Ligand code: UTP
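A single chain comes next, written as structure tokens; it is the form predicted alone.
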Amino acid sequence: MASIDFDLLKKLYAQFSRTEESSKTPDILEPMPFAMAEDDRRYEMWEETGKILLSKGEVAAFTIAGGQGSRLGFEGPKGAYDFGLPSHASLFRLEARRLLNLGAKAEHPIPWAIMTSPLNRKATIEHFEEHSYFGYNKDSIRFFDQGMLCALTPEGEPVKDKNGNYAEVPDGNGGCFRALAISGTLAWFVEKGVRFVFLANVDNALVKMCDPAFIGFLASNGNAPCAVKVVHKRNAQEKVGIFAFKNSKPTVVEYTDISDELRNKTFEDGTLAFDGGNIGIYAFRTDALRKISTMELPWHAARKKVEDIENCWKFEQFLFDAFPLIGQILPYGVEREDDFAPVKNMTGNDSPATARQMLGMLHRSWLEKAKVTLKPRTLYEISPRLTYAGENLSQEIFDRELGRGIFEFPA
């Protein structure tokens, strides 16, 4: 167990346990405009740029995978979860195979960093070992743990478990930058000549790992430190964080932190002013990650049950709090049907059922574009070893791979 920073805990408890009202000046929020990437005449140039960078070994992947699948009724790392595809592919397998496809095209392996937690590291590595790393060269994968911080009782005392050990909880996804550096993984990227890092959460069944056009978009925009994928909100009331400017600095504004007036505000054409939904997909320049890893992101407090003690203090940092500090982000608009199928809830929205449906519909659309004859009311799963984003499909490949790399399932 790493040493516990009791001075930091004391400072955070003092900060968040105050009850007096803050006299802070109200924030000024402004919309952050964005355009759909595929509609831009430079899209093919961005894609080609990304492919060149991949071929030079200058692109790496970084997956945040410290979560457990408990909300899904799964006892294990969320990335190891089988969400019901005909192939029984886990989320990790989908990511690995997409990276393998890109790496084969680039003729260069893609370094892949996976941030686990002390709670799921062993099980995550075992999942990879049991599946022979999904064909990935294990020397191109590096696992490391996110940071942990001791929980505090409502009175501010460190929580201990039944064995007398301090009860530590993850320090939030914002700790990924610090953990990347402390673990030596950022230095590993630098040693390999990596200049751009694709970062995403593990629980997105459609994530385009190291999307060449997205990487090329960032690389083609001067020295901009970061690009972010954004989607149009389904409606004003969708409970999703949005990209905006707060006090002239780029940030993500949570749904609960925006007024009804701004949430419903529209432009003259009727489109939402505050629109760009955050789907947790980012690209960073490596030198920007080095800079962020030395910055002190703000802390947030939550109250939760820890070791059967109600209302304990849990402190965490959020990844998007780095954006105001680096000062610039580039929004990159995508269709959620192409890029975002989260697996978070057991049922309802963002569940295994909705993720399967979205993946099946996307893959069916790829086959339709390839003019393949398909059954009505049938969805399809296509192995990433056959295609990364719908390319290289045909009737011949469909006939050959049906039941092997292409699978049918009911709509």
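From 1 onward, residues are counted along the sequence shown. All of these numbers come straight from a predicted model, not from anything done at the bench.
The next section is about a form of this same protein that is not shown, the form predicted in complex with the ligand.
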Partner-facing stretch of 241-249, 184-192, 165-173, 292-300, counted where any non-hydrogen atom is within 4.5 angstroms of the ligand in the model of the complex: 165-173
Every residue of Ala65, Lys78 and Lys344 near the ligand in the model of the complex, heavy atom within 4.5 Å: yes
If we define contact as a non-hydrogen atom of the residue within 4.5 angstroms of the partner, is Gly69 a contact of the ligand in the model of the complex? yes
With the partner left out of view, is Val202 within 4.5 angstroms of the ligand in the model of the complex by any non-hydrogen atom? yes
Within a 4.5 Å heavy atom cut-off, is Met115 in contact with the ligand in the model of the complex? yes
Using heavy atoms and a 4.5 Å limit, would one call Asn101 a contact residue for the ligand in the model of the complex? no
Contact residue in the model of the complex, chosen from Gln146, Ser90, Asn278, Thr124 - any heavy atom within 4.5 Å of the ligand: Gln146
